[in-house]
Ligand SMILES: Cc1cc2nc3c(=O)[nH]c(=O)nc-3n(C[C@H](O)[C@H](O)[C@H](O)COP(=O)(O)OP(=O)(O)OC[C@H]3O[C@@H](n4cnc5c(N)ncnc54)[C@H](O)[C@@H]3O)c2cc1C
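First, one chain by itself: the form predicted alone, in structure tokens.
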């Protein structure tokens, strides 16, 4: 079970992995995530799902933490210890009108694709996707971008080396000024989501964002992924991970993200030492 059926680089840091997980695929809704366990007694890592097909789930993963780097050593034909899901509360897929789906990091790009594909199928929706990458070298292969599953597509790079120069927030402001936005969904960099919330609040446009806090068990037991929504404590694993951006305490979210930096650093040093030993 949980055999890897496809694995490809998206850029120098991000890669796509497709895994057989029929029970997860059958119940998946855009906005859900899965927990991967690579080896017995291994870390539980949450991953956004880009798409499902024939009992398989595709995910975008960044070579960043200990387990995501270890997972990069797996090949097609290898099997994971477990894939748990789908988890989280997906947003309502319905008629919204002019919908913008924006992303600037790996998890957000996966959700961008899934949300666009589902929302575009609803009559009355005009789905606009905006995906931001640092440079042209970081842009994903065309077939993995959201261009094929939306009505209007914009690619931006921070240095202007491909597409429009700037961040999705820059382009979104123009669309807001033109009155072309009824709701925004976004995921990726947390400070950028904070800025997005400030921007859309000025225009009174509903905004739903994905909050990616550190999760230990992803079942609501550990409390490590807690956030505050309108002053009330919530857990991103069971109450989210998508929330009303205008009600989030972003200062607390950003501060909490730094709590595990020391442990993350120690884990990476361990990985480096194993590589040197080999």
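Numbering follows the first chain given and starts at 1. This one's a predicted model, so the numbers in the text were calculated from it and none came from an experiment.
Only in words, not in the display: the form predicted together with the named molecule, which the text now covers.
The putative spot formed by 65, 68 and 106 is fully lined by the named molecule in the model of the complex; each residue has a non-hydrogen atom within 4.5 angstroms of it. Within this chain, residue 213 lines the site of the named molecule in the model of the complex, having a heavy atom no more than 4.5 Å away.
In the model of the complex, the named molecule lies farther than 4.5 Å from every heavy atom of residue 30.
Contact annotation for residue 243: none of its heavy atoms lies within 4.5 Å of the named molecule in the model of the complex. In the model of the complex, no heavy atom of residue 39 sits within 4.5 Å of the named molecule. Contacts between 29 to 53 and the named molecule, taken as any heavy atom within 4.5 Å in the model of the complex, involve 33, 43, 44, 45, 46, 47, 48.
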